[in-house]
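Only one chain is shown below, in structure tokens, and it's the form predicted alone.
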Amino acid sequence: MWFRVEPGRGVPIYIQIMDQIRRSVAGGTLAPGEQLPSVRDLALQLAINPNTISKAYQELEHEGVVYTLRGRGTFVSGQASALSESDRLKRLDESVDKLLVEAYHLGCTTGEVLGAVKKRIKDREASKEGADDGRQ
């Protein structure tokens, strides 16, 4: 799994990491029992302080999204494999709100926003179908 952080975004880095892990778990990219990168490895990959990664992992453990086995690593919890429908829809609404604010500031029309969303969905479906074909 690849993480990306944006230090100047105004959102603490540990929160950005937590959000990415939550989304990956909810979307099935990270499966229950799957091991996360070690604190040290992820800190090196992202060029950030290991304490930042440690804080993100500790918060996620407190939420029940991950669990840690001392000396073995941090793993995705089986309890965290899916969000409830209301949580999923709430997160979707939040993401749509962010998109709409950005579109407003860019001066995009409703048609441009809808067109962009439809295009991205179509592109993702096509890339997923291509990936599925490559596995067989």
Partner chain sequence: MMADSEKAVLVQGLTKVFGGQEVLKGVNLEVPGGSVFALFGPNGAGKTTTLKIILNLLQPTGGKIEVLGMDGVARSQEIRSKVGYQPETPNFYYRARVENIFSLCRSLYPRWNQARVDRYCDIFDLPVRGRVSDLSKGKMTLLGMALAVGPDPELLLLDEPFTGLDPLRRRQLLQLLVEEMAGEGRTILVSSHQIQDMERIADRVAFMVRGRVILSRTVDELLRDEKKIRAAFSGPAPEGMEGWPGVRRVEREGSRLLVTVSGQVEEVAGRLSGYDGAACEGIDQTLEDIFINYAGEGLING
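All of these numbers come straight from a predicted model, not from anything done at the bench. Positions refer to the first chain, counted from 1.
The form predicted in complex with the partner chain is left out here; the points below concern that form.
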item	value
Every residue of 23, 38 and 72 near the partner chain in the predicted complex, heavy atom within 4.5 Å	no
Proximity to the partner chain in the predicted complex, single hit among 109, 45, 29, 95 (heavy atom within 4.5 Å)	45
4.5 angstroms heavy atom contact with the partner chain in the predicted complex for residue 126	no
Contact flag, residue 18 vs the partner chain in the predicted complex, heavy atom cut 4.5 Å	no
Heavy atom of residue 113 within 4.5 Å of the partner chain in the predicted complex	no
is_contact(residue 55, the partner chain) in the predicted complex, heavy atom dist at most 4.5 Å	yes
Contacts with the partner chain in the predicted complex - residues in 11 to 29 whose heavy atoms fall within 4.5 Å	11, 12, 13, 14
Sense of CA distance change between residue 94 and residue 29 in the predicted complex, threshold 3 Å	farther
